[in-house]
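Below, in structure tokens: the form predicted alone, a single chain.
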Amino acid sequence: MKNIQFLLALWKANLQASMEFRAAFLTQVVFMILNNGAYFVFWILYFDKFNEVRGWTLNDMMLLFGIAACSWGVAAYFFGNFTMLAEIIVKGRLDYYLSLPKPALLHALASRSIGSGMGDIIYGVGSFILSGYLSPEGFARFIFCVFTGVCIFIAFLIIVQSLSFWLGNTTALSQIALSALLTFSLYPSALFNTATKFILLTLVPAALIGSVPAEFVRSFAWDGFLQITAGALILLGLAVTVFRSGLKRYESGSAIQVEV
């Protein structure tokens, strides 16, 4: 309960900081919505020529984009430093978080908010509504898939960036990994062969963010539920384990750190 209260306080502070530059914040939100919409135009043009691709229709793609965009948006807006963890480690900025009586990893992740993430959240919810799968059951499954998607996004990036404890600066590697995760999460796994599907369920768990959750929202199935749940829990557990192991090798930045 104390950690939840702490998170709420951080999110409130992040929101207040965003509102100090309201015009810039709203601009980020609007442009991210437009950016996502422009990207989706490709699929609109594609399905204008073909009714479906391996069982996937335009409405199904709206659903997939809605889940993936909303998952990314929630992760970016509420835990914005999950894309900056490697830099925080390499520059010794973990000192600040380790010096406080709060979970260092949680504090580091939630102490920054990416304003454009709110645009992804708005776009994702709108895309889900337009997909035609809106119903009490569908909405509950959508929320569940967004929650697990957030966990997978964050956990995967924590694992990759925690390699900085051993390999040095992995910022470039994490950007490549993030690009792969984002890109492949926006495509149905039905388009890929068996070997690629295996990779997208394990090494780069993009299918657990996009296509598998979309299929689960379309129609409840226990195998889909177990895949998504197991993937999120395993990745979260692995992320925390790798980060804590890396802390044993962490070298202080030996500098005064001030976080605002």
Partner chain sequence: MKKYLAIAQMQIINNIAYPGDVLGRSVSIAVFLFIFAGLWRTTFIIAGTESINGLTFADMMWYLMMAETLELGRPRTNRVISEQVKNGEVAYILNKPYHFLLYHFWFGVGDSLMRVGTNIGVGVVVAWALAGPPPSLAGWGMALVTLVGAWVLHFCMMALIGLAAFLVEETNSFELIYQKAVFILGGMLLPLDMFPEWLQRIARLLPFPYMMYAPARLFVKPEPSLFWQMLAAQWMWVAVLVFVLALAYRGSERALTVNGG
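Computed from a predicted structure; not experimentally measured. Numbering follows the first chain given and starts at 1.
The same protein also has a form predicted in complex with the partner chain, omitted here; what follows describes it.
For the residues Ile122, Ala180, Val74, Ile159, the 4.5 Å heavy atom test against the partner chain in the predicted complex is passed only by Ala180. Residue in contact with the partner chain in the predicted complex (any heavy atom within 4.5 Å), chosen from Leu203, Ala221, Leu191, Leu233: Leu191. Exactly one of the stretches 66-74, 225-233, 207-215, 29-37 approaches the partner chain in the predicted complex with heavy atoms within 4.5 Å, and it is 29-37. Of the heavy atoms in Val53, some are within 4.5 Å of the partner chain in the predicted complex. Using a 4.5 Å cutoff between non-hydrogen atoms, Thr57 does not count as a contact of the partner chain in the predicted complex. The closest heavy atom approach of Tyr133 to the partner chain in the predicted complex falls outside 4.5 Å. The closest heavy atom approach of Phe184 to the partner chain in the predicted complex falls within 4.5 Å.
Along 203-228, not one residue places a heavy atom within 4.5 Å of the partner chain in the predicted complex.
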